[in-house]
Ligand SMILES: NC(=O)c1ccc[n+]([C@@H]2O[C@H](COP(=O)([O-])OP(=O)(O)OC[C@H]3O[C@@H](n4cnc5c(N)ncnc54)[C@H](OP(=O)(O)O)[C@@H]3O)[C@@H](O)[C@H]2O)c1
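The chain below stands alone and is given as structure tokens, in the form predicted on its own.
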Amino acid sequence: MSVVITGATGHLGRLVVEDLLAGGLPADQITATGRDTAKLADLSAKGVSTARADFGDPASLKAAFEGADTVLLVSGSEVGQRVDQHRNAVEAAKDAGVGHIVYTSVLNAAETTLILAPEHKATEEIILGSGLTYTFLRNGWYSENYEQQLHQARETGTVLTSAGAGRVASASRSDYAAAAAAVLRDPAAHANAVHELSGDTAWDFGELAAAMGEALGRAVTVTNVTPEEHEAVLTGVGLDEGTARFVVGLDTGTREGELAATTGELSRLIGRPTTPLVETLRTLV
């Protein structure tokens, strides 16, 4: 079996490679890829093959995927460009003779109104149209996504949100990486499967503030504002309007319950409970 990991220079992809190695998959069966292979030198030193793979360069993708049985397509980070980038990866996988593609999507991708979901839904449709065997890992929210708010809370003692009473069933990156690694170790058992993945507990922003306070060792409160007020605050501190609207849109999705599902699939897949929110926040302090 041979496995290629895209985005291995990023947080999630690297964690997947490390989990595969820790779980006993031979290093020579793993290829870690990224745009800058110099950032993969430590993995190469462990015996992992490395290759340049740039979503904007189809030839590099095909070369990196040659001979692979399974490719983990870690979704790109460039919002607005991901559909074309992911299409390049899927087409390269098919051209290279890859048998199975595993894609990190978003919770309830086909139906959610979450602002970042359309690119994931479109990518799933591209994969379905390719004829490749697939597994969709529909990842919920990452607890690490609150790192910036954690640092702001250290300075201000408050968490600013327009999510209202919305809840988030977040899990750590390492939890989601462990799920991806579990699938990659036995891809045939997950052929044409869709896994809706989320944390075991859905918390509200009062509970987030309490967890931040525990991690920081200081009192943290919640400041709930309207979406309009939220956008004004964000642009007032220097965010461009597009980014501010995107952030507010994420809070709107949270308020509407799009990140609240506790499916239990993630903990079942990794064979342990998901990481409590406060534990992840402590690693970010």
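Predicted, not measured: the structure shown is a model, and the values here were computed from it. Residue numbers here begin at 1 and follow the sequence given.
One more form of this protein should be noted, the form predicted in complex with the named molecule, which is absent from this view; the next part is about it.
Taken together, the three residues D54, R82 and R173 all lie with some non-hydrogen atom within 4.5 angstroms of the named molecule in the model of the complex. By the criterion of a heavy atom within 4.5 Å, K39 is counted among the residues contacting the named molecule in the model of the complex. With a 4.5 Å cutoff on heavy atoms, V4 does not count as touching the named molecule in the model of the complex; it lies far away. Residue contact check for L266: none of its heavy atoms lie within 4.5 Å of the named molecule in the model of the complex. S75 belongs to the set of residues with a heavy atom inside 4.5 Å of the named molecule in the model of the complex. Look at 94-102, 208-216, 183-191, 136-144: in the model of the complex, residues with non-hydrogen atoms within 4.5 angstroms of the named molecule sit in 136-144. Contacts between 5-30 and the named molecule, taken as any heavy atom within 4.5 Å in the model of the complex, involve G7, A8, T9, G10, H11, L12, G13.
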